[in-house]
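Two forms of the same protein chain are encoded below as structure tokens; each is given separately, as structure 1 and structure 2.
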Structure 1
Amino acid sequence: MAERQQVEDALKYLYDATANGQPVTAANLASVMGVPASRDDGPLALLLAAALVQEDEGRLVLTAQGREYALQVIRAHRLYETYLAHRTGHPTNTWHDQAHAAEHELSRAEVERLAISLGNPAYDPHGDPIPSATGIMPPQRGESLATRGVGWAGRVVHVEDEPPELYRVLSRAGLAPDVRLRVDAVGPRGVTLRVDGESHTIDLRAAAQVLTDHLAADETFDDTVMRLCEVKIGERAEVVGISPLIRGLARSRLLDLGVVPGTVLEIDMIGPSGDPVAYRIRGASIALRREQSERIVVRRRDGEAA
């Protein structure tokens, strides 16, 4: 097991380095992996013997076979993170480590079964493309949020989950793949963003962890939206959408209840401690917790009495 993990981690490292156009020597690899730089023993010996890696003028190069293998490991990792996001309740900050363990344990048949049960997803929950079973890895779309100017509006396509402290900042600001945002200010304190009716300021280091893309031709950035938890008694609101941060079972439950774009709702009653709040949704009274109502995006319907 330990051997398989070392070989696969070495392959992933070589794949990433190749993708970034950065040459790797046997000594580089050994120091990153924390093993002696030996060609007779350890992971490098196994890689060379299995013809997954070739040595070309002192540089390590993945063979076609090695590249294919590396993509399968990445595929397992990203599929497993998708599984954790959609089918389980594990907190976001544990996904990476769990997927890292699973990628070395799952057999290829298990990975394919997982892909089918998840509906062959194309992207993982961080917005990374999942290589196909045939070994096709599409290029990552989007540009860094840090390069966008004031007034630019678009959508998030990728949020890097490492290092954890920056990822926490981004999660707090509600940034996840597919969230729409607008850059309101860029200053020494960082980037001020408008996200679902709220403003957040994140520093440039965190902004560099986010890749963004333009809105589709038929989309515009809507600044009149707010969150359901801000709706007051007597006001009516129309659902615009559910934040991508609500996933899997929790998301389908809300859809089942009729929280879909266009549904009009209002507060029915507020619990003794202020949470949960019961909303009238399509003729029924449904109590939702704050953690849900702050992730439902709505638009106030003016001029309509409750």
Structure 2
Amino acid sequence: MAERQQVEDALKYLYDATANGQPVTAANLASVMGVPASRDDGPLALLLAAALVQEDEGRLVLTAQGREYALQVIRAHRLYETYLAHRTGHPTNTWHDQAHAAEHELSRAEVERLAISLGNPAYDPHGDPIPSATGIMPPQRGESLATRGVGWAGRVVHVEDEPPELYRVLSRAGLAPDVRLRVDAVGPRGVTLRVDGESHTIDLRAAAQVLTDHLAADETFDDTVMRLCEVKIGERAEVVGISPLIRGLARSRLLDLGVVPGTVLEIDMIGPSGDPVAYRIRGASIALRREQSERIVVRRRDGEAA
């Protein structure tokens, strides 16, 4: 397994570097993987012996067979992350490591069964394209958020999950694929965004981690929405949606409780510490923690008091 993992990790690195226009030498590969740059032993020797890479004027280049193998590994990783996002309750920050382990264990047949069970998705939860079973890579969508001007409104299509510290910043700002946003200001501190009724400022380095696209012709940016946690006692609110940041079992539970678009709710009871808060929904009282209520998007029902 150790040899397989080293070979597959090397193939992924070579594929990513090639896609980004970065030449790779034996020394580069050895440095990244923490192994000797030997052509007689280790992962490079295995890659050369299996004809997965070849050397061209000192650079390592994937062969057709090597590229196909790399895409299989990437497909397994991104499908498994999709599985973790939609079918489990595992925290987002654990997906990468779990998928990295699974990509080296799953057989090709197991990967294809997983793809079918998920509906053959073309993009993973971060918006990364998932190679098809025949090795076709869907196009990367969108343009960098850092290039959008003041007043621009659109949707997120990709959020880079590396490095982890920047990904945490983006998650705290409510940014995930399919989230709508508007750019309210651009300045030395970064980009100020309107997301689900709240303003967030992120620096340009973080903004560059986000790819965005225009809204469809029949869509508009709704500036009347707010987060459920902002609803006050005596107010009624109508559910608009649940943030894409709530996934898997947590999302299913909210849907089962009736937190669906169009449902009207109000505060029923507030705990002694202010968290959780119980909401009256469809004749029942359900308690939600703040981390849940701040990811539920609602619109105040004007003129309606509890």
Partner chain sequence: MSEPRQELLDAAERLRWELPQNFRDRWVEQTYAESARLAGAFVHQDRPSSRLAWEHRLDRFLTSRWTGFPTMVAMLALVLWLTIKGANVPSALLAKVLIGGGQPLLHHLADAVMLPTWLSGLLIDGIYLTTAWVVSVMLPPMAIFFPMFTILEDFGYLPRVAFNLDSLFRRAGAHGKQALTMTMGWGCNAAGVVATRVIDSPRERLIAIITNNFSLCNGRWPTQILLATVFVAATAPPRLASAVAVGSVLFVALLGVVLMFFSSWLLSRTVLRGEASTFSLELPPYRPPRIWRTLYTSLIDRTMITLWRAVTFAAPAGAVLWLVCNIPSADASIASYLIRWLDPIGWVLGLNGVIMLAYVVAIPANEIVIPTILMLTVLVTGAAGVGEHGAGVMFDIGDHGTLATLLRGAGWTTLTAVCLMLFSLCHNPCSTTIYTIYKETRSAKWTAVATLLPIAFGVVICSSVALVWRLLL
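So that the term is clear: the rigid core is the largest set of C-alpha atoms that superpose within 1.5 Å between two forms. Model, not experiment: these values are computed from the prediction. Reference numbering: structure 1, starting with residue 1.
Between the two isolated copies of the chain, the form predicted alone corresponds to structure 2. Core-superposed comparison between structures 1 and 2: the Cα of Ile296 travels 2 Å or more. After superposition on the rigid core, the Cα of Asp268 moves by 2 Å or more between structures 1 and 2. After superposition on the rigid core, the Cα of Leu47 moves by less than 2 Å between structures 1 and 2. On rigid-core superposition between structures 1 and 2, the C-alpha of Val277 is found to move 5.8 angstrom.
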